[in-house]
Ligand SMILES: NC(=O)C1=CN([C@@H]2O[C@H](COP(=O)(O)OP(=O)(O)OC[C@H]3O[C@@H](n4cnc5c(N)ncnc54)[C@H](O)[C@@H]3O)[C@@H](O)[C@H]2O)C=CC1
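Here we start with a single chain on its own, the form predicted on its own, put down as structure tokens.
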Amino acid sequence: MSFLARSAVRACAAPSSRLFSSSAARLTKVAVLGAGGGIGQPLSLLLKSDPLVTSLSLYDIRGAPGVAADVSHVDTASEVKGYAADQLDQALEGVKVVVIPAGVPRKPGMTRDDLFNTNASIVRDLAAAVARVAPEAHILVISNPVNSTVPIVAATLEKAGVFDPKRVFGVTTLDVVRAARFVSGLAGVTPSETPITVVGGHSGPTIVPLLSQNQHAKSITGEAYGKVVHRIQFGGDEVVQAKDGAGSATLSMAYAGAKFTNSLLRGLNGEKGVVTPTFVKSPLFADQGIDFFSSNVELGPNGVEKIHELGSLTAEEQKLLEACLPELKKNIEKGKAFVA
């Protein structure tokens, strides 16, 4: 059951005061930086409907107060406040979790690297503000290219002397969501029966879905296997083309961002066994000079509690991993060089 379905059920079953008390023990203020954009608006709406969010702080260079006014009318217990371009520091005060979807979206023919220069400076400046105002906040990076923007955030925090690897996450949940959806269609079951661990990074060939680790997915072979892996890796292109120049995957990305935020909040609240793939500072391939990597991570009161090994891989998955690593290494180094 998705967290949205669960929160809807909970909202129907309980008066809002009861809903609020479930999270009142840990007041959780969440900021969305880039709340006026294509991802930021639906993400803000979804976070407003998450009972674990007690306060929502919406910031953008334009439009955030309007989005906040709109979203604040939704009948859930959390408070919402919008902040204008010159109010970034106020937006971050007392914030526990910062979600960053800010930046420009992809257009047809653009690679994620084409986004790099614009989004890299936006993300660096936002990370510097978080370091200054809310150094203990957990930072969830959605802005692409994630393989480079996460190292940018880490290096910016490091420069400010406040980097904690347990608190910086690249949101790769859309790859996980797509994998579950696409595989379930092929296997003729519901997506809840096909959770797929997706490892590596968050663009094209760096996305490595481990189909062999799911009982329904491991029977997909041959041409069907190649097709579904390609679709998981390049699902973003499908949306960019279908929107015909008018945007990228904003709604599914907002859903994925809200889903990951909910997982983190559940971990921070002390729920045990919350495990999901996310792109973090990781020891798994550090000996090859790749110090950020997405794999299953257990989330807890401090953020990252435990980074899981990949487990056993098939020959095909090993091949995908070998294609991922050099590309991922380049992306990470590009991010670090930007801040150096």
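Just so it is clear, the model here is predicted, and its values are computed rather than measured. The numbering used is simple: start at 1 and walk along the sequence shown.
Omitted here: the form predicted in complex with the ligand. The next part is about that form.
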Problem set entry | is_contact(V146, the ligand) in the model of the complex, heavy atom dist at most 4.5 Å | yes
Problem set entry | Interface membership of D50, the ligand in the model of the complex, 4.5 Å heavy atom rule | no
Exercise. Is the gap between Y59 and the ligand in the model of the complex 4.5 Å or less for some heavy atom pair?
Worked result: yes
Exercise. Is P105 one of the residues lying within 4.5 Å of the ligand in the model of the complex, judged by heavy atom distances?
Worked result: yes
For this session: Can you work out whether the ligand is within 4.5 angstroms of a heavy atom in all three of H138, A258 and P301 in the model of the complex?
Result: no
Exercise. Among S212, S248, S263, N269, which has any heavy atom within 4.5 Å of the ligand in the model of the complex?
Worked result: S248
Exercise. Taking the ligand in the model of the complex as the reference, which of T156, S78, N119, T197 has a non-hydrogen atom within 4.5 Å?
Worked result: N119
Exercise. If contact means any heavy atom within 4.5 Å, which of 128-136, 223-231, 166-174, 180-188 contacts the ligand in the model of the complex?
Worked result: 166-174
Problem set entry | Contacts with the ligand in the model of the complex, stretch 301-322 (heavy atom within 4.5 Å) | none
